[in-house]
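Next up: a single chain in structure tokens, the form predicted on its own.
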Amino acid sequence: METLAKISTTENILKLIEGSAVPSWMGIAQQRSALDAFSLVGIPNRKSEEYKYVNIELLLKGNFSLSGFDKITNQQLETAAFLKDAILIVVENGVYNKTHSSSSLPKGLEIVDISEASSNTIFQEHFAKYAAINSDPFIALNTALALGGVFVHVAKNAVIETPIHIIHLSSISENTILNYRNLIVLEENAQLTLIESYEKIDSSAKLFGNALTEIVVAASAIVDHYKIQDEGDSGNLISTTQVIQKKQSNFSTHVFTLSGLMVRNNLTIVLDDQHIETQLNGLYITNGNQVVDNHTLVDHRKPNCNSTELYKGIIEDKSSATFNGKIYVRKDAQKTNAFQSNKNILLSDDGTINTKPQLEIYADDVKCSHGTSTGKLDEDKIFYLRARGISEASAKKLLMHAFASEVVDTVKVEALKEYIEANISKRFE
């Protein structure tokens, strides 16, 4: 098994790749182009504007492998499958585990191991067409090295009433870099509820996960998307989601970051036709030395579309969080309505929040706004609750629950909502 004493530069990662077996399912030409794109830009450091609040080079110091995996037990899988009424897709250490995934699928739904989908015409039409390898080094690295994942296809007019739950479960015996990839395609008038969860089995070894999900939402299709990130104290995750929407489609996404040493979310949504609805919601709760970095881009390309965005954070101890949200309105995107809000609570003097909402507008007939606020828990409200017999600790927990509920209440799957609320309560303890 190939390891490297110190991975802190692009050259060293390329050496690690050369000394390891790379996935064979990817086309050689595409793989080579992706590696070339990665080597051209390299691992970003603090001098990179897009990654200046995350020290990726520091995270990749030490011995790392591309294949340091442990077998995941049935009990661990059962614990990770927290939704009982769902179509289950298990991605074990980056590879689709068909044995432990749901075998009975409703009409109009197709689920295929992404490494076996290359002959599928719909897969060929959409794979790697939206997440450009030249736009981000981790997209390039993922395109070259993804071990596997799933291709989910919802046929025209198919309404999948049962939620799909993709569980990304990892268990490692040594410091490991793991790349996994998903492609979700909905045809016209299709409907789907999609839940992605990321969980690392307890281990002292460091995991550096690089996940990429592309979602294609065709005309009049509806997608309700959820992402639950629970990587523990030694998990590092870069999660990229690339979405393209067509005419009269509706896409909503909800990102909940519950744990992880470092979590970076790159979310890009392209509104590529008229009368599109888009909603983005996010909640991050940090403590210890945790770092959470959210970057969103909503690209309005055509007229008569609406987008709303709400991200909230609770920052404790010496942890830090970043929100960088950009709304881009192109010249042809008249009659655009786009709104963005980021709100944060700092629970300690040592916590840090970096927030940068942005508007870049080239159309003149639009309604766009953005805002941000950061503060501490309201002392008057704490005093009010304590005056009614509630302890100070309970009063603070009540106020934090109330703050988080605006995002949690957007969850439409009741069992998922209960799971999130239970985990939030644990964090507040």
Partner chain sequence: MLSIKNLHASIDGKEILRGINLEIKAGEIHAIMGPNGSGKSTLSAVLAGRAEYEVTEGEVIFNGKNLLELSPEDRAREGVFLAFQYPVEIPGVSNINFLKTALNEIRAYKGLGPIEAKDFLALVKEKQKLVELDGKLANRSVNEGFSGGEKKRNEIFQMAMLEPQLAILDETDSGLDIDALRIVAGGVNKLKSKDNATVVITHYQRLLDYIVPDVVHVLYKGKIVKSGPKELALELEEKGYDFIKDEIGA
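Just so it is clear, the structure is predicted and the values come from calculations on it, not from any experiment. Positions refer to the first chain, counted from 1.
What comes next is about the form predicted in complex with its partner chain, which does not appear here.
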### Message
Can you work out whether Arg388 and its partner chain are in contact in the model of the complex, taking contact to mean some heavy atom pair no more than 4.5 Å apart?
### Response
yes
### Query
Can Lys61 be called a contact residue for its partner chain in the model of the complex at 4.5 Å between heavy atoms?
no
### Query
Contact between Ala402 and its partner chain in the model of the complex at 4.5 Å, heavy atoms?
yes
### Query
Does any heavy atom of Phe383 come within 4.5 Å of a heavy atom of its partner chain in the model of the complex?
yes
### Message
At 4.5 Å between heavy atoms, only one of the stretches 52 to 60, 369 to 377, 389 to 397, 37 to 45 reaches its partner chain in the model of the complex; which one is it?
### Response
389 to 397
